[in-house]
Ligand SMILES: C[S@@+](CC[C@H](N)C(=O)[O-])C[C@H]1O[C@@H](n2cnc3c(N)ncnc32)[C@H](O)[C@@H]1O
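Okay, here we've got a single chain as structure tokens, the form predicted on its own, with questions on binding and movement later.
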């Protein structure tokens, strides 16, 4: 069966083999084709590929097929530099030329915004990243296998753990640290049954590396893993999460340090911080450039103060930083004290509650950097009701960004600038910075 068959949509069956040409890339790293008039999504297939797939899901208006073979590759295809592609499942674009990745992400963003009712016809500036060694934080999983203890990543949709010697997203130093931790634990089989995962956070300069082990240990057993800190040379801090998520700190400091626009920030291993060592500072610079004026600024979902501190330092104005996570709020307060920025007020509270409790001021500016789920409807309404001079929305999810932009537009706030920062090269993720102004 091929994609050129005329007539009404063809019924597809699970397990059926289909040949098709990919028309375009869509969000989450899938290629869209049409087979007998029916839309079929094929993961890891790119625009221009002629592919063979096996149908694995059939729905009322579409189907999904696994990629079996690339019959005729698109001109932009390349051999993946990673030996774990496609088994790992993480870097869905790693076998696509990087310039083509950026074009695909811009097209996907435009389509996502249009589908949500917030189309953008203007230019989109795209900021690229080096493809290797960009990641500051890694989350890996443990599993027991016939060959011993495995430490690596879970292919999408599975609970299996693919043991990985080195990930190209990580720096050489972080890869070495991960393998040293693995080696220390692999020598002690009695620890394996209660190991769950490993988080590593590295400073942008590579000088500091902090790790936490997720376990099913009881709190009093956490010190039993102190040997990891001694045997994994290069670690500047080590903690253990016990069965109920409580963090027990065993050695060194739980913080790394990152510098943004000449301001040093401390970052706790459990605090949110942008993942790309090459682009977090240009991202902060872009946010500042999009927020002219000197009125009070609100930094919502502020984290450790990536935008808060540069705003306060540049404008010498009050900045209200709203952050619910305890470790990140503590970091933001410590960072403000360190730089003697008395105009910063850190509010550890839910964003909606904080907005409702804070009186609006004329000329107010707002920065929003929410989680992937975007904004709750009442937060959009609360922000819009303040009649801000400008809003800068930093998003890591095009579909929820489109939804929220449409909601803001209904309240008279519309986009006048859209930028893409490729914080996650080779993956389907992208970061978007949008400025909204009163219409």
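Computed from a predicted structure; not experimentally measured. Positions refer to the first chain, counted from 1.
Just so it is clear, the following notes concern the form predicted together with the named molecule, a form of the same protein that is not shown.
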Contact residue in the predicted bound form, from 179, 127, 349, 345 (heavy atom within 4.5 Å of the named molecule): 349
Partner-facing stretch of 254-262, 363-371, 132-140, 186-194, counted where any non-hydrogen atom is within 4.5 angstroms of the named molecule in the predicted bound form: 363-371
Contact label in the predicted bound form: residue 301 to the named molecule, heavy atom within 4.5 Å: yes
The named molecule contact at residue 168 in the predicted bound form, heavy atom, 4.5 Å: no
Residue 85, heavy atom within 4.5 angstroms of the named molecule in the predicted bound form: no
Exercise: residue 211 in contact with the named molecule in the predicted bound form, heavy atom 4.5 Å: no
